[in-house]
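Given next are two forms of a protein chain, the same chain in both, each as C-alpha cells and marked structure 1 or structure 2.
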Structure 1
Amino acid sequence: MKKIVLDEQVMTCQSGESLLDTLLHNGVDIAYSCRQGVCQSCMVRSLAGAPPAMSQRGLKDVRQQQNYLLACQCYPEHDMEIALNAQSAFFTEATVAAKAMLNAETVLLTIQCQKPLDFYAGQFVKLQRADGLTRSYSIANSRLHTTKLTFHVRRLPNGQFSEWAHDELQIGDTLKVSEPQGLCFYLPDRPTQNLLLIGTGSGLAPLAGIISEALQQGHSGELHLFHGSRTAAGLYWIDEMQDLERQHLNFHYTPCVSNGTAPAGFAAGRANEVAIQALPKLKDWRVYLCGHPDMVNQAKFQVFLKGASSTDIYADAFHVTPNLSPVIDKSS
C-alpha cells in the first residue's frame, strides 16, 4: 500500500490499483476517458520526485521532465504527492462565436481561440467551463482554421456539460480549450489510399474534419462516408454532404437508418453493416470509426476480416456515463 497526498487529502493506494482508481474511489473529481493512456485526459503531476516510467509513456519530453504522468497508467512504487491542475498551463481561453442546431439534439458550437492551435483534423480537445467541469469533444473542422474550432455537441439527459452548452452557453461567453490530443486523424502521407469513414450520431464531427482536410489536401484516393442513426431525424448535414459528393468525384456519402423504413436516398441498416456490404474488400484501405462503442468495436473486427490492416484502423468510441456528457475513448 502506498500513501497518496492530494492537497490536504491523504489516500491509500492498494497493491495492484492504479492511481486513477484510487482517486475515483476516494471521490476525487478527475477527468478521464480511455483508461489506456491514449487520450491523456487524466494527466496529473507528481510533486515529490519522478513517477513510474510507464505512467509517462506518450507524453511530450517537456512534460516528462516536469513529472507529469497519466493516472490511469500509474501504479505507485512509493508514496506520492500529486496535483490535479496538471494541464492548467496548457489551456487557452476561447470565446463562443456561434451556435446553431444541427438537429433536435445536436448543436454546432463554434469557438474563437485567443491563439492558433496546432492540430490534425480528427483530433479532440477538452473544453472547460468556469467551474472547472471539463469534457472532451472532437474538432469538426480542418486545419485551415487554426483559431476557430467547431464541435458537434449532442444533448444527453442529465449531461452536465452538454445541457449547459445547449441551454446556457451564449455567444460571447468564454471557456477554456486544451491542446489538441488524440491519434485518430488525417495525414497527407498517402494521398492515393482509399479511405472508409463510418460514424454514428455526433461521431460525424471528426470524420467531417478528416474529409474536409483530405479534400483540401488534394487526396486522390476514394473517400466513402457512411453516417448512421436509428432514425433519419438523428442525422444531419445531409444536404452539405450530398453537395460535397457532387463537387468531388472521389467522395461518396451514404446516410444510413437502422430503425424502420429508410427514406428515399437512404440506406436501410446499421452504418457499419451497410459499409461492409458495399465495400467487401478493404485491403490497403485506411479506416476511421467514430461513434457508439458497440458499433466501433464491431466494425473494427469486421473491417479487419475484410482485409484492413490493424495499423490502418483508427477508432474513437463515444462512451456515455450516468449524469455525464460523452467522453471520447481514443482506443487506437
Structure 2
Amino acid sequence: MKKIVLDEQVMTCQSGESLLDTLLHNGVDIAYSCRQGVCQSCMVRSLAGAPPAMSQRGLKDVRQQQNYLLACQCYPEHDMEIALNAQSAFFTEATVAAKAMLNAETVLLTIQCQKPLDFYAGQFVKLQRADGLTRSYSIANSRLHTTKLTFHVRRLPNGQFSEWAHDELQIGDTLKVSEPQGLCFYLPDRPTQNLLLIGTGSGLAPLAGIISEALQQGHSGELHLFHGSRTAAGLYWIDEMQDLERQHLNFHYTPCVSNGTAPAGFAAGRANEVAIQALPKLKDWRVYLCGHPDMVNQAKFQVFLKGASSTDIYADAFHVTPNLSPVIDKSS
C-alpha cells in the first residue's frame, strides 16, 4: 500500500492497482481514455522524485525530465505526491534591477530574485504585479544566472501588463515570480545534434537562452538561428548575434524581414520559410519554434515534413492574453 497525495487529498493505492484507478476510486476528476499508455490523456506530474520508468514510456524527454507520467501505467513503488496540471505556485519575490530598450517596442527587463530558480534554458515563468495581474514571459538567459533573470517584454496594443512594464515599472519595484514552466527547453544529452531555432519578435528570448546554454555546455552540433519580424526595426540583438557567430563556428544567424525588400545582410521572407529553404533536410535535427502562434503551428508541420521527428520539435507559441475590455451589450 502506498500513500498518494494530491493537493490536500491523501489516498491509498493498493498493491497491483494503477495510480489512475486509485485516483478514480477516490473521485478525482481526471481525464483518461485508452488505459494502455497510448493516448496520454491521463498525464500527471510527480512532485516528489522520479516516477516508475514504465509510467514515462513514450513521453517526450523534456516531460520525462520534469517527472510527468501516465497514471494508467503507474504502479507506485513509493509514496507519491502528484499534481494534475503544471504547478503555477508563486515561488519567489524579485526586484527590478534594470530596464533597457532592445528596440522601439521591446524592453529588456532584468530582475533579481530572492531565491535561485531551478530552470531549464527556454522555460518561462509567470510574473505577477502587486494587484495580481499576471503574465507569462520566457527567461532569456542561460542557467549561468539563476537569481538574475532577463525577459524581453514587447509592448502590445492595450497590453495591460506590457504597457505597465514599459511605462510605469521602476528599478527597485518588486514582482512575484512563479515556478519555471514549459517544455520548450534545452537538454545537454545530445551535444552533437544539429539545432534549428526559429523565432519571431520577442520569441528570440527563449531561443537566446537556449543558444547561450547550449554553447556554454559545449554543444558541438550546428546551431542555426532564424529571427524574423515584419521590418528590420522589429528585430534586435543583431550585433550581439553576429558577434556570437564570429565567436562560435557552429553558430549561424539569419535575421529575416517579411515585409518589402530586405536591407543588406537580412534575408527576405518569413523566418520559417527562409529556414526551410536554407535547410531542406532536417532528419535527426532538433527544432525550437518560439513566437507568433501561426508561425509556430505552420513551422511545426513544415519541419516535420522536411524530416524532423515530432519528438524533436519543441514549440512555444506566444498567445496574447485577450484584453478584458468591458463588453458592450447592444441589446440594452
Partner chain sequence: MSDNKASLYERIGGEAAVNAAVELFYRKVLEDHRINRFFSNTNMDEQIAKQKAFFTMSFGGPNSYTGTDMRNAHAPLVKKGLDNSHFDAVMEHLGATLTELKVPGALIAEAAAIAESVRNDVLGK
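Each residue is numbered by where it sits in the sequence of structure 1, with counting from 1. In this text, the rigid core denotes the largest set of C-alpha atoms whose superposition between the two forms falls within 1.5 Å. Because the structure is a prediction, the values reported are computed rather than measured.
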property: Number of the structure representing the form predicted together with its partner chain; result: 2
property: Exceeds or equals 2 Å, Cα of L69 between structures 1 and 2, core fit; result: yes
property: CA of Y32, rigid core aligned, shift of 2 Å or more between structures 1 and 2; result: yes
property: Rigid core superposition, A308 Cα moves 2 angstroms or more between structures 1 and 2; result: no
property: Core-aligned Cα shift of G49 between structures 1 and 2, given in Å; result: 23.5
